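We've got the same protein chain twice here, in two forms, each standing alone as structure tokens: structure 1 and structure 2.
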Structure 1
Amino acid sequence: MCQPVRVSAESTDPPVCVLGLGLIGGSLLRAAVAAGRTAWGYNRSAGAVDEAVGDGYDAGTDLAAALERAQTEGAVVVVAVPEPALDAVLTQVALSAPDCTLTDVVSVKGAVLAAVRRHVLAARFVGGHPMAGTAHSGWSAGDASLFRDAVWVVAAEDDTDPEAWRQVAHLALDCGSVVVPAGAREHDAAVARISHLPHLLAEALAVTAAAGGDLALGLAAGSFRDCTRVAGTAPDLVRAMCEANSEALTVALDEALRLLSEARDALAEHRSTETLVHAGHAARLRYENLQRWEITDITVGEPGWAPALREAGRNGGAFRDRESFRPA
């Protein structure tokens, strides 16, 4: 097994406590250690902990102990459990590490923010979502390079603590990501279109192909494989993220169904797919040609910083390194 590699012997950044050692949490623990951070992890399943320890990482199954250490050492606590397990974990965070900067890597931000507020943990909370992953799960699927050059959304709400925001943004940058600021609601509307809807479309395509029997499946090649890759994700994980974002996903699903229905009618009546094919091609080119610009003119913590960051993120702005942060 590959052992953790530190890029420096010491770090002045806060330690990192990762709660949940699946694909994302496990990759984050690896990436934080590789960046020179002191980091440890918790997982409910002993199997994942045994694997992590076997690979040379600091991990355990005692949630309270992991969080008490986080409180003592002033760590950034990262919640990396599925949304259904969120309340139980936050209950323990409130008991054992109420003063720590708290973030998460859950794919739906509105539901997490609401849960954090219910547990009276919002003062030091900064929502996060690295836009990276694979169809695989578990500790063994993790990779320290998973977040390299990936977008990592760091939420900036009007009541977000600026120092907590900086700590979370620095962690994302240390993991190799590009930080894009956004609000929870607009994040959820966006990921409904580019993450959650693709999961449902992939499932539908896989079911449609399977209905054609073994001949259809036997002929399937690159386009089918690419379009259905995420259908290989564990169903419970897909359900958790899609159902937690049901309102925004319903809107996106309605739009996709309208496009497909119109394409179906055009094909049946005019034997034409022109409208959808050309619109889809243009939209794909827009995605491929999207250019992000560096945010350099906003000081985190100055009056109006959070709305300014959200506007910048909305218009293609991002942080790529710490040098972009103006001193407070």
Structure 2
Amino acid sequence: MCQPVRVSAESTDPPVCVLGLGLIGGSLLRAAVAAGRTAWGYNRSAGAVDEAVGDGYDAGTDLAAALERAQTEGAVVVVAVPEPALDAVLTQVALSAPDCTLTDVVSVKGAVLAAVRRHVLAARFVGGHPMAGTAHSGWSAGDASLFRDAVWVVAAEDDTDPEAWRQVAHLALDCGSVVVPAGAREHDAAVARISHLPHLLAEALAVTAAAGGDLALGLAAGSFRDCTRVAGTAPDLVRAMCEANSEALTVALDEALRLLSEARDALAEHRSTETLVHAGHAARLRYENLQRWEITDITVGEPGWAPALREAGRNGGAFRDRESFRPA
């Protein structure tokens, strides 16, 4: 992986309005301010707002006021609320800040895009997903460096506004992330394979091991510990991710089930497990040796830019430098 170059905001960068001050929203507000951006936050409950204000940040509990300011100042609006609150927040965005560039940080992009389209907010919407997190939640768990060196997917659909895309990508770079362009659908297919599937495998492994009683759990060493680590995640978060991405996750699960069933039959018949084991080893080496390359030959806004960015993202391309996608 490349080392992202930290980019500082420029005076012409729009301010940032963060809706929801949990782990991700709270970290984003901190990171935007640390990068020199004007930024303010909204949170429904006063607790996080009090903490944020106590830490020196601009935050409040009045959603309409935060969004009216965003509309006036031409801010980028970042939706970082839990998914059940999405519709209520988008209703207010449509009322108070319909002209702002709008993005989000939710881990399943198809469902958010559909909601944004229902609220007729797609014209300035750019889906986002910073691949970062911790086991903790809430404002106090946040950290300005949470996104440093992380991958931040910025969705490029055929109808995405190029100026809005640039603004969201700049914000991700300002937070220290590497920007990977992708479509919502292919993003969801990818995270089903590399995030939601490991969560379900971890749950199934933990249950199967525990069925072996304290002897089995007591013999568990590194392979079990590492592979089940994410089974320690709050069940509601795991369910929310997996169930919101059920279509893509079913495809990934079917592939994994087929591989495991074939290995199971081989073992039952005292045949070799070579097919799975060698393919798995090769795949892990491919992951370890993956090279990310800088996209430098696509001007955002030129004809066909969005499909070209998606194609680059599919092939390991990324942005780590604003200079790479500034219009010629």
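Rigid core: the largest C-alpha set superposing within 1.5 Å between the two forms. All residue numbers here refer to structure 1's sequence, counted from 1. The structure displayed is predicted, hence computed values, not measured ones.
- The chain appears twice here, and it is structure 2 that represents the form predicted together with a further copy of the same chain.
- Of the residues 124, 185, 82, 232, the one at the hinge where one rigid part turns against the other between structure 1 and structure 2 is 185.
- The interdomain rotation between structure 1 and structure 2, with the chain split into two rigid parts and fitted on C-alpha atoms, amounts to 10°.
- For residue 217, the displacement of the CA atom between structure 1 and structure 2, after superposition on the rigid core, amounts to 6.1 Å.
- Core superposition places the Cα of residue 255 3.2 Å apart between structure 1 and structure 2.
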